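Encoded as structure tokens, the following chain is the form predicted alone, with no partner shown.
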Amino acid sequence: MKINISHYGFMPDGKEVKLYSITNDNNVTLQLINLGATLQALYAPDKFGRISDITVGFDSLYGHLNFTDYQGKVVGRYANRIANGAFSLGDKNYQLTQNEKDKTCLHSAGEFSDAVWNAIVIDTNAVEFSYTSPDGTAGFDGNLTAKVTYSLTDDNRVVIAYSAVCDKDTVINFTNHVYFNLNGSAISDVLDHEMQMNASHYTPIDADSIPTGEIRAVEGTAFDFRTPCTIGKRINDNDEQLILAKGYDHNFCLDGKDGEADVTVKESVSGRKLEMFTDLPGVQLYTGNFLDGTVIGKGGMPIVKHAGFCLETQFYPDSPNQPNFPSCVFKAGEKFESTTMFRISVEK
């Protein structure tokens, strides 16, 4: 394998954004840009050998800058939501940027996603992105240095390795916000995709999409994907949780079964199968509920409701305010490390 580097665009301040393309012998191509350390595209063959991009997003830098819903971007330093943009750590209280409804801190106000990261090629199949978040940014303490490394393997695995260290005690929660559509970008919605998830519980939300603190069993609910089920089968059920989020936008508590994918998604027409593995305790299933077709994406196609699904691996949302959730606190100098892997294959 080899990596091709090309010009993608210039930021308003003149910084250059570059495109990194990695292709393996199976005609799978992973494309990355250093704006937001973004997974720009993932091209993969279907059961007929036809190659399509199976991610939803934008062809140009203009789209990423003006219409983004975090398509493919790395999110940090705290992905997902923190209630009222506030939390306490030790004896100190923090007030963060409240960028959602002037109330919630969502994705740390987009800091990592909007930054132009430094990028270096570290192997014939891997690119490392790095970024330093200054002390006080969005209200967080400490200078935090982050690295995200993407690699593509010969057996069609996209591996995302995260690491970070801060010079003060802090909370850390990274994810990637890629939207997948196994049919190919914007050809159709994803409601007919079949999903299986090894998650026996999920975290219900309130009207602000903040977890209530309950860890609820999925048994007998529309959130039970332990047996394969299409995404759309129960998405319109008369369930308060689905009504609040206009679909799925919830954290699932992963069971972490050894040797098994945490999530498997299949699409029968293309034959494509996507498996996700992570060492993090949760994953946010988001089904593009607020996409409405008014934004034009790849190939000049509108990004419609449910155009893609996201599997955002993570610590649970609002963990800094939820003592019964897995801890996301890291001491000064303590290294955060995590890996998420997506494997793409075909079933004929």
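A residue's number is simply how far along the shown sequence it sits, counting from 1. What you are looking at is a predicted structure, and each value in this text was computed from that prediction instead of being measured.
This protein has a second form, the form predicted together with ligand BGC, left out of what is shown; the following refers to that one.
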*Heavy atoms, 4.5 Å, ligand BGC in the predicted bound form: which of 282 to 290, 40 to 48, 319 to 327, 56 to 64 makes the cut? Say which one.*
282 to 290
*Identify whether ligand BGC in the predicted bound form is within 4.5 Å of every residue in the set Y70, H107 and E312, based on non-hydrogen atoms.*
yes
*Which residue among Y179, F225, Y202, F174 has a heavy atom within 4.5 angstroms of ligand BGC in the predicted bound form?*
Y179
_Within 4.5 Å, heavy atoms only, which of D141, D249, E267, E275 is in contact with ligand BGC in the predicted bound form?_
D249
*Who in 192 to 223 is close to ligand BGC in the predicted bound form, meaning a heavy atom within 4.5 Å?*
none
